[in-house]
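Coming up are structure 1 and structure 2: the same protein chain in two forms, each one given alone as structure tokens.
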Structure 1
Amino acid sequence: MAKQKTEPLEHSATPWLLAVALATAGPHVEHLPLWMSVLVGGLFMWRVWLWLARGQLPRRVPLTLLVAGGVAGIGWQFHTLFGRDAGVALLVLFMALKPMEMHSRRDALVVVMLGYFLLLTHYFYSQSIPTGLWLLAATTLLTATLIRLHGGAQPVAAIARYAGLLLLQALPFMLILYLLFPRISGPLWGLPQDAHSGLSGLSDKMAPGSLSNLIQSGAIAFRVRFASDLPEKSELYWRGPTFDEYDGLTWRARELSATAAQTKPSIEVTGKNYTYTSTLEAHNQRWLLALDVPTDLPTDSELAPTLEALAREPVRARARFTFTSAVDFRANRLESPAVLQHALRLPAAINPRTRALAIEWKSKSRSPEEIKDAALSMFRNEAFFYTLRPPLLGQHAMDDFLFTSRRGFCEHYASAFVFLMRAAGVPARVVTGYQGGELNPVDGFLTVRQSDAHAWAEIWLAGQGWTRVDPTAAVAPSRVEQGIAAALPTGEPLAMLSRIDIDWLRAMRNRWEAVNNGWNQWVLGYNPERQREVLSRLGFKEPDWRSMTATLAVLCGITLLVISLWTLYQRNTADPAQRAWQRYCTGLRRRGVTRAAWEGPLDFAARVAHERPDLATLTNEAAQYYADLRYGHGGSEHLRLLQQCARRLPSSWRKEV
């Protein structure tokens, strides 16, 4: 240690450490505040310049000031020094500053260790395949840097090969630990509070524009795999939150009283049941987005009185659920009067023209169905447009929309329809969720994206219960039958790749998403249940943590033993030239000429020429290559030729011929 402390760092080793700093801290720039990115980038450039100019590293006092300033800045920015973002920012700051006092080998080792630690923090932000590949490359770089620090100057290719070999040896341990290390539900340590910010998904209220913003995102909401066949695409309504309270601008869910929340909805299934497994991305809300309407729910979830499936806790990590749903059903035929009463409430004194229209319909109609049909036929037959870019609406939003602009998006149509129904005395509410999805032919998963977000309406009809009405389907039928891309006029902004006509591009995306899905299902989704599943498939009856730990230790020990033996064997016959020559001599032995242990290559070749003239030329060639390789200056070309000689030996049967 004392030696390391004083031993100065070689000038030629510095680029390795700067590369380490760049590879480990660089990608974090995405999450850092701008001033920090500028500071860290500036420090890095300065250090590179100091290296190029062989300049003096800064002294202790300015460095201390830089550290204090940086830490103060982070404290001011995040109001804390703990938690995910502040902690990562602190580590990145250290990584940028440590090279500034990199005088000795010991300092360099600190940089490498800090690099290994900083690598782990990337998993706070992303666990995707590209991140994994990047971290793998960075780990190789870190290991190579350690080799460079301890092994002195060598060709980069040699260092890289050595680092690769070391990582390859670590691979079996990684697999064993990954498969067998006892898993616990949830993350290993409590994640900081801010870990779940910035997840996208449906919101617990619906204001104009909230869905159209979500639709711009091509991110995946969930993936579904049906046990058997799929329902019709127009039946794929994935139910999210239901809203029955309107304040003139925003739709919200009503706060339910304790008894109302306990009420179990009644569902009569009239058609087929579909069973499927859904892998839901984290969205930080409780709803599970089951196919409307779920009849059998996974454990730890419940069916709300408003028919959506809810988890006990918000979904903070990608999770899998198995549901059974029916698309033909009658729900809550005997709804409580309080609920129906609530489903008629409207804020007073707004939208007078809309109210008047509704009252006119009510007076003309004999039943709620006729009122519904009147509204739908208005949407269908008059000049309404389906667009993501509707004009702004004024105080009487419904009046403006229905009589002036007539341009809107599913949220506008659902909202206007429910308003009309309520004004005409038909209990109605807004339902948000997703509609449709895209079948990936590569792995058979149905992918539902944020761009499939949708809003529709439900009205309550006596004898039929809550009945789905999708006014958007009346305006733009293709939205429900073919998807959002087909329904929107060309030129409207959509998530990249949602509107793909190019076949190969679509096929490539499907393939990539199938790979990603496999990664999610098997690597990231490897939870205690999956582990138990895998272990029982491997022959463990009732795996508990004791037997698992024992297996873990035994397997690691065996792997270590195998690698050590292999290394010893390699050391004994380290020279590839020797191995190739031995192979050739073994080949000759099978053909009747045995080399004595003491016999040199040229002597042996001379003897072969005497005993087996047919093999003379080849053996002479091989002996020359070997002599050059082992006792002279033969290069890799000679080795290749020597190895070829062993293959060029005529097959043994010719001896008999």
Structure 2
Amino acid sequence: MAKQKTEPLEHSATPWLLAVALATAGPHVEHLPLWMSVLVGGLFMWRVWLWLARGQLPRRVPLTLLVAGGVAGIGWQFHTLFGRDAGVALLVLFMALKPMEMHSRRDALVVVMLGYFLLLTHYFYSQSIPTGLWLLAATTLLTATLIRLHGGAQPVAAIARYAGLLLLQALPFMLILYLLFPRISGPLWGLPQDAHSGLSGLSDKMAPGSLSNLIQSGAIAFRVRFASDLPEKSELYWRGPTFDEYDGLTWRARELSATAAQTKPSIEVTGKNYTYTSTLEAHNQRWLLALDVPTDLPTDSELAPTLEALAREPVRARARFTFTSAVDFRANRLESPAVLQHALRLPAAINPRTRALAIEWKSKSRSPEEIKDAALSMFRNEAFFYTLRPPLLGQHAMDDFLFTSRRGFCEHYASAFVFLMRAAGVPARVVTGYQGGELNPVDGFLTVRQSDAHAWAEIWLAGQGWTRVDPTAAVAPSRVEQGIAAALPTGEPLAMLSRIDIDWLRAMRNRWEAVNNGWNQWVLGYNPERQREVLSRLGFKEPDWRSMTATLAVLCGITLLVISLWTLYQRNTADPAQRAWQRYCTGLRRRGVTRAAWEGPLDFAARVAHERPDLATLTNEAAQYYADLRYGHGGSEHLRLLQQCARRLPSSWRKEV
């Protein structure tokens, strides 16, 4: 069999392909190791220089060595060639190396197809609006490059207009697929080794510095829309994990026995209930961060014995949950003796001065309420400071904090308070979560950021049950009433978003976040539940994959038919002069001469004279008639002569001598 001849790549088409490679691979530099970014950048610069100098491309041996070295480096860097990060790095390497062996149009098509595939990988790292806009622009560039490869050299504006028209024709199909294509739950990328890397949020333990690092982030933890009015800001405690195990340095949640884990807490509501919907960002943990304390939970969730709302599976993708909560309540007024005994445990032989102070309070025959008030009075009236830059603490951390440094943030005060209570015989535990939030007036959502992370305490009082106590409020009341930015002195390392105090800048941020929230709710958050909700409103009583697939096929068919009819109509509505000229050009195409879409009649006639001298006179005559009709003062006689030109073309089957 004869080897198929490959069409060589035009020199002027190479910049389009280099632009494609840069647009699709360039943004991934943020996720690549430094050595690989340097390698990829060097390869691109080398290829540009070769194009400018019309130099010879590297031979196969050095390219093979580059491929082998790059793959080995990726394997060494990521300890695997599989998974999200390693796989994307390989694709970027291939995109940088493929232009080095780009000799034919077939090689160019490989670059374009690789670019389309590489675009999808950007959503593994970011699904934001800017990412979507960049990918739309890159898709337009890829489509325009295909047009340039198959349509030859033509004005850039014409190529861009044609690519835009193709994408506009695809828009109805995109909307139909968005609405009806069956959705699946779960993240876009699901390999366990790197599926959820980069997720931030509360940890399953509280060690020195864990909350201060989180507070310095302005990232959004979740958004909330209340069905009616909002609680007071001082009541906005969003409950996360509860810790009752302490080893002298770190607080952890104790593992409950099977019987204890199934014990449902007893909650007596003494005030108003609030219903709200929370849109929770992925954090790869089970807690749902409900307003303390939830009384009505979403499906597939439960209320733990320690009062936090827990999902059955970790939250690995943005999700919406509807709760009802009460901010005034009594929880577990009748608590088991084992739980209360565990809430008194402390490590032995640490913090002697703190223990002595607690024992002194207890020896004065004070009640648990009076011991609590004594601790809060100490924090309120003595020289304690709220800061995210506390000094390091030694082996006796509580002694160092309470009697020496007296500088710390919420986790220091909550931890010290619980230690004092336990040492004085009052059952106590640490609760972490978020406190406060900022109402966005544009969309009515309450935005809670990572910088709102907080820790407080709970003590058990006879007749009252578990009662919230926030020692930080005694030291820095503005932390609870106005937010973290008001409580910290100037110069503290707080996220810039939390310190915005300029009206127009805050208004711009609110609008941008409202747009982002709409994107999250209706595009990224268009999960199976929301799809069923939307389709139910459109008349689908019980939508399932069968009915959705059938409707999808019918609507796509109708859309394709409408676009085809519109295209044919546009073609048939061309004026008589244009139809006659197109008929003549079609005849030339059958004889081996194809007119480019951008090529004018006189320029085309000049090219025909060069390529087919036997057709030069007739083509020049037809082009002149058409130019007079379109751009001059030609009349019906010119139209008749142009139509005759198409009939005067020699038969295409006749052999030429």
Partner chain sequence: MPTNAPSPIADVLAAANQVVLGKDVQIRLALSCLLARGHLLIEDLPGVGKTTLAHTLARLLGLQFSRIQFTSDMLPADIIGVSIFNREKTEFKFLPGPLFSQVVLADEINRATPKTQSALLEAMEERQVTTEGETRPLPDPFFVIATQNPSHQIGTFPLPESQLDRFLLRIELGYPDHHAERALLEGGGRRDQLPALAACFTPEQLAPLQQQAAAIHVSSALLDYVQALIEATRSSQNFIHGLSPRAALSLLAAARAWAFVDGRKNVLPEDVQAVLPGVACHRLRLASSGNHARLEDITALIHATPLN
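Just so you know, these numbers come straight off a predicted model, no measurement behind them. Residues are numbered by position in structure 1's sequence, first residue being 1. Each form is matched to the other, and the largest set of C-alpha atoms that superpose within 1.5 Å is called the rigid core.
The form predicted together with the partner chain corresponds to structure 1, not structure 2.
After superposition on the rigid core, the Cα atom of Val61 is displaced by less than 2 Å between structures 1 and 2. Residue displacement note: His28 has its CA displaced by under 2 Å between structures 1 and 2 (rigid core superposed). For Val608, a C-alpha deviation of 2 angstroms or more is recorded between structures 1 and 2 after rigid-core alignment. Core fit done between structures 1 and 2; CA of Leu618 shifted by 36.4 Å. Relative displacement of the Tyr631 Cα between structures 1 and 2 on rigid core alignment is 4.0 Å.
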